[in-house]
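Only one chain is given next, in structure tokens, and it is the form predicted on its own.
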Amino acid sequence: MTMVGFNISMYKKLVLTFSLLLVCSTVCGQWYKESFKVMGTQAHVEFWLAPEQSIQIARVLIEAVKDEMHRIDKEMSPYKVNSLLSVINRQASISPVKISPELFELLKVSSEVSKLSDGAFDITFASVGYKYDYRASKRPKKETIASALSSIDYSAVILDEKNLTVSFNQAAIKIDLGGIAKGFAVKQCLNILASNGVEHALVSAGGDTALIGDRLGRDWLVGIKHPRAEHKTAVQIPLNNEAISTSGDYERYFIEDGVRYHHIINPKTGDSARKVVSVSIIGKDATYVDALSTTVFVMGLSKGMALIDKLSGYEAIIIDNQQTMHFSKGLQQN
């Protein structure tokens, strides 16, 4: 049987190429990657191992990353009735709830960002946010929002560091860590890889990505999704040893009478924030960049960029309602 377009010369080239790939895999090490669903989004892990490390080690590390993501989701998901977060929402207004040290620290960070942003970031947005159903294209009435708005108050979340408990001083309060938990999960997974000697890695979950090192002599290229084109990238950013988080109004939304209702709620109004359509924050700490991307989205272009420009070590890319891209001062200088 003759293969169309194939000859012995091509065969020799293929054999040589395959041999070189085998040599490189043995001598140069190898990339390993896997994508999976968790925390209501697509997650991805990718890393390089030296030649003396086996595929079995890679599999153990991939499973460790997946297990960590699922563990955090199990603890912090507002959609799982037995999660620690759900227990808090049911009981913290009645009596203090004992929580894990890591969840306590995450609540502390959330409070810090709330104070920094004068409430633009507020995990108690869920007091109104849970009344939205984006899959069913349903939103609460204005009267319902107005009556629940007083329950959006980060200062009503009481943290007791000595006893590691959290309580609410209002009965109707609910919290949601959707603006910070994925960044925290990505950071935790990156720490697992780094503690096991991985020097080049990427971990992502939805719009949150964190990196160890570079991509073997080249920067990682992280794409920022085009906010109005499903399969297009607005821009690619070269990064290494950093984290980036993107918040956009295209992730969970519905449109009613020409108005877009999406999951990033302005704590001041109980309605979707609409001053911009996409915010990406770059920095070293994946937890903070996640929280800051939500914060700046709510604050809008002028106030949000002013906040980032005064924070050392953080940069922003904001796409406004006219789909114009704006860069923080540090990125303009590069």
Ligand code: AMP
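The first residue of the sequence shown is number 1, and the count goes up from there. Please read all numbers here as calculations on a predicted model, not as lab measurements.
Quick note: we don't show the form predicted in complex with the ligand, though the next part is all about it.
- Among residues of the shown chain, A243 is not one whose heavy atoms approach the ligand to within 4.5 Å in the predicted complex.
- The shortest heavy atom separation between D73 and the ligand in the predicted complex exceeds 4.5 Å.
- At least one heavy atom of A120 is located within 4.5 Å of the ligand in the predicted complex.
- The closest heavy atom approach of S293 to the ligand in the predicted complex falls within 4.5 Å.
- V298 is the sole member of V298, A286, V65, I281 with a non-hydrogen atom within 4.5 Å of the ligand in the predicted complex.
- Checked against the ligand in the predicted complex, the residues L85, V222, I264, V166 give one hit for a heavy atom within 4.5 Å, which is I264.
- Remark: of stretches 121-129, 229-237, 97-105, 136-144, the one touching the ligand in the predicted complex is 121-129 (heavy atom within 4.5 Å).
- For the stretch 165-185, the set of residues having any non-hydrogen atom within 4.5 angstroms of the ligand in the predicted complex comprises D176, G178, G179, in sequence order.
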